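One chain comes next, on its own, written out as structure tokens in the form predicted alone.
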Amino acid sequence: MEFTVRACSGHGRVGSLRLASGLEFETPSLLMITRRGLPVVIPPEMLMDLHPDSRACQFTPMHFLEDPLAAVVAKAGGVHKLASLTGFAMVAVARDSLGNEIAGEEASNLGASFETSSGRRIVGLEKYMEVVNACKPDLWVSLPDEVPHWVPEKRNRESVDHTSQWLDHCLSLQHAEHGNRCLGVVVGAGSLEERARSAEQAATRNVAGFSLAGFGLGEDVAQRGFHLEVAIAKLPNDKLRHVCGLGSPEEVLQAVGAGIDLLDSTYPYMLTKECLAMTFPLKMEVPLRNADRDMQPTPDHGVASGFSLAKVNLRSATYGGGRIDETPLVTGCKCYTCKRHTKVYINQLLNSNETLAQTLLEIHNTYHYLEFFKAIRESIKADKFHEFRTWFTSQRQELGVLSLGNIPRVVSCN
């Protein structure tokens, strides 16, 4: 694996990541969420043509503890072949981003507690690495003792000590023929001192990069930036940085602004589940029109009515019934959905409870989010990341967009 920083703007940076498989792509990059290596909604055969940047996926080895077993994955030739996603980057991360199961429970010296198909259990280092080695991922994250920000100081120190010790053990268990593909975990919960200590310890290990854990677990958003910066300041500049749990557009910009290179995100999937389509602007050269500002509904009514310049509710009668809206989700969007289908068609699919509706929505939302990451990279290359972040945040605030955690719970697509 080779990682090279190509451009910087503030702490934000564009890098080139070349994997052992020969696959190469630019960072900051989105890691698409999967279950057992397969996309949650989008058919695998459609991923290749979804977007030029739809080549990187994240999965959790915890999905291969019991069914299918690691031996089955190994016999298949690894998770790439099992999921028929050869030619894609597969990153193994212990945490299940869709499950959000981190509870801060006491950990054994032999492993951490995770939710599995048979209930919560302690996953030991040998078992974890058995699955990782069987999956043959392009990158893998060492087993963390990950805890939320509110745990007591003693438990937090224990988490840092465990994570550092487990990193050494994981490295000793990796298959040498696969090369150095490990991302050493940095924890620390709500303590800046423990974050720095964990980063200092990880920085001394022979790893391909680092994964910053413990974010997206209810921490103070205003303090999150300090925790990212304190940890990254202790890490070498020439190695890859990954973070798990930060997925909304504002969180992505915060992480990239601190110097993160790879991010997973459930944001497109969560919008799809709520029957919402991303429509937010991506280019600073396209300002909001005065007419649009005048039409923009209040935060309390925008999503429910179906109208928003940031996202639209395809369940709304606005796009069906007496008014037939035959426009695409986003005019000019080049995704499969927008080139072939209209709002009224997707509205009818949703109201008929057709599973195709979720697929079409997820294709568009993923494409739009990948375009968002592309816009971020272009702003860094032009040394205008600060301007882009300021513009994007201000126009989202002007539109009255709520954070993901506060999205009104409209009727589910299920």
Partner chain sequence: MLGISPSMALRFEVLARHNRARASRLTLPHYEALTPLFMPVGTQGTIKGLTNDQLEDLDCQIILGNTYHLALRPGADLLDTIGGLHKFMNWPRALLTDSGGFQMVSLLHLADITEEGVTFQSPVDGKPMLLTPEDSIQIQNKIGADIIMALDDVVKTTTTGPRVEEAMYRTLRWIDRCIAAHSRPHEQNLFGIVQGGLDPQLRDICLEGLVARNLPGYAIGGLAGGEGKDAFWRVVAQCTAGLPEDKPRYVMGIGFPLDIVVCTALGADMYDCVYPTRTARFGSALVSEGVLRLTHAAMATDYRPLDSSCTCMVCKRYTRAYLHTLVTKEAMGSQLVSYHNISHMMQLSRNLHSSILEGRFPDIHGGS
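It should be emphasised that the depicted structure is a prediction, and the values quoted were computed from it without experimental measurement. Residue numbers count along the first chain shown, from 1.
Heads up, the form predicted together with the partner chain isn't pictured, but that's what we're talking about next.
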Though only this chain appears here, would residue 326 touch the partner chain in the predicted complex if you measure heavy atom gaps against 4.5 Å?
-> yes
According to a 4.5 angstroms non-hydrogen atom cut-off, is residue 344 in contact with the partner chain in the predicted complex?
-> yes
Could you confirm whether residue 52 comes within 4.5 Å of the partner chain in the predicted complex, counting heavy atoms only?
-> no
Looking at the partner-bound form in the predicted complex, is residue 71 within 4.5 Å of the partner chain by any heavy atom?
-> yes
In the predicted complex, the residue from 65, 370, 33, 349 with a non-hydrogen atom within 4.5 Å of the partner chain is 349
Which of these residues, 75, 334, 175, 120, gets a heavy atom within 4.5 Å of the partner chain in the predicted complex?
-> 75
Determine which one of 373-381, 24-32, 52-60, 352-360 lies within 4.5 Å of the partner chain in the predicted complex, judging by heavy atom distances; exactly one does.
-> 352-360
If you check in the predicted complex, do 41, 84 and 340 all have a non-hydrogen atom within 4.5 Å of the partner chain?
-> yes
